[in-house]
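In the block that follows, a single chain appears as structure tokens, in the form predicted alone.
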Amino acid sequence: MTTRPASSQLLIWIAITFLLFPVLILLGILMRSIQAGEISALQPWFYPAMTLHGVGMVGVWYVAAMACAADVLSRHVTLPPALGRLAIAGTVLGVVLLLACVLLGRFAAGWYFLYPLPLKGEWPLWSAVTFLLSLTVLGATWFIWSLGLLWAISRRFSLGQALGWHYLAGRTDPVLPPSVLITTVSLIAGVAALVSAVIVLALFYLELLTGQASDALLMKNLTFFFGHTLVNLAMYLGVAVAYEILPEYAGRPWKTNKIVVVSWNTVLLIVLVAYFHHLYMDFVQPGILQYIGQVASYASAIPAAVVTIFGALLLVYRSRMRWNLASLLFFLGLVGWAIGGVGAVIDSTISVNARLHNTLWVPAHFHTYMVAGLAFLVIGYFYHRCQEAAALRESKGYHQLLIVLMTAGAYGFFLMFYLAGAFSVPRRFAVYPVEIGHGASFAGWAALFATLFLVGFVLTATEVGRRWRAALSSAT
């Protein structure tokens, strides 16, 4: 087997991800155990844990997806090494600030930090300021990282070429890999989302300095434009990696064509307005925006998900697919994205959202496409690159066991969320009143399934870790 060295920066991102992810899983198990009534003594830590778990999970998998996409991008364009070092340093500093504000200051406004809660909670003001500083460092770092990657792409492809517009005119020169197209779309939308974050943070700082209150509806729109868009783009970056790597296992190319170009260019427009479905309950929001939110949420499933899922099925169908831990995780990651997406589309229907909006159905769908979708794709790529560099012997049976443990644990965990949402169990409750006491049972089972997933992940991380150590010796 021919080996290909892994970059030292990717290996650092693997270490960061595999150190933080199990800690964040344990926080999730802690929350569900508190809701189940099993460790009520830790109830005061529920909302700080929810804040750290939420911000941490979104941040970890966003930067992990960015790191994978950057590594794939380096196959096609030249990336400045300093850009990657800045991304690592800025992310680590932001994480340290986040840990300080939550663990020392018990900041507990949630990952969505909706205005004006960060400035009105029972936590000390310094912890709220530290939280805002953490987001500032992370946002500035990722903004520069995104612009740097776009700049690197522009040195080989013009904007029109990077978006594949020449394919629409019947030209295929220069050849554009699908991964570059999807990454370009994601980075452009990501820059827009991060600009929104800058505005939100500036308004928070303005109120801290002058006492001038902001418009709550404006702040909520800006916050969800930032948060919803960034979470979706993290998933798209993971999908870009699948477009690049799955063909290596199928022995077939996955080329850019007119359908792929139209699909992902449409995504660039739709993803920027789909966030309106988070504001259905804000009745002062102009009605037309609510309808745009529903239409965009439905439409987003067609160009990206349908084209990609059918493309992957056609790629695998009757191919001499080489199934191993990486290819299985890639395939299951696309499946998880599809299943979570269906849950999201159901919830984005206005008439349904009126009943599901504040229930556990909401964390059900985003946990599905973040864990069984994005996390599977990223872990698959981490294993792929480390195995590619180390070329160690693979145990097919053992790796299938790891897949079973993680998949069974993940979907059992999601199912408890979906069932609880269907039975009107509200989200964000640390303790369930007697009227919804059945929520505690769902929470208890969810904690058990999450533990099963954690066992599977730790064993998988050990397999990746063996290859990571071997890859480290030959890293570039």
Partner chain sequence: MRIASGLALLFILACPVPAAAAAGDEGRLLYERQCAACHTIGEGDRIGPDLAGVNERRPRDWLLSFVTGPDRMIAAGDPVAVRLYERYNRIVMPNLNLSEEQAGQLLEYLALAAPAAAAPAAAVTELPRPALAGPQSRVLQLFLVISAVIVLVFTWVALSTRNPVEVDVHRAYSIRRVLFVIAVVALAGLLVLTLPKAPYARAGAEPARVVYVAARQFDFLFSEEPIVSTAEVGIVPTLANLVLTKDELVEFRVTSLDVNHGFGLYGPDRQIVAQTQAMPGYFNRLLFRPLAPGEYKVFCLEYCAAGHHLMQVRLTVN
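Numbering follows the first chain given and starts at 1. Bear in mind that the values here come from a model prediction, so they are computed numbers and not experimental data.
We do not show the form predicted in complex with its partner chain, though everything after this point is about it.
Only one listed stretch (295-303, 378-386, 151-159, 402-410) carries heavy atoms within 4.5 Å of its partner chain in the predicted complex, and that stretch is 295-303. A heavy atom within 4.5 Å of its partner chain in the predicted complex is found for exactly one of 230, 222, 245, 334: 334. This chain is drawn without its partner chain; in the predicted complex, the residue among 139, 84, 343, 164 with a heavy atom within 4.5 Å of it is 343. Contact check for residue 143: every heavy atom lies farther than 4.5 Å from its partner chain in the predicted complex. A residue is said to contact a partner when one of its heavy atoms sits within 4.5 Å of a partner heavy atom; residue 173 fails this definition for its partner chain in the predicted complex, lying far away. Residue contact with its partner chain in the predicted complex: residue 358 places a heavy atom within 4.5 Å of it.
Using a 4.5 angstroms limit between non-hydrogen atoms, residue 349 touches its partner chain in the predicted complex. Taking its partner chain as it sits in the predicted complex, the stretch 434-471 comes within 4.5 angstroms of it through a non-hydrogen atom at 434, 435, 436, 438, 441, 442.
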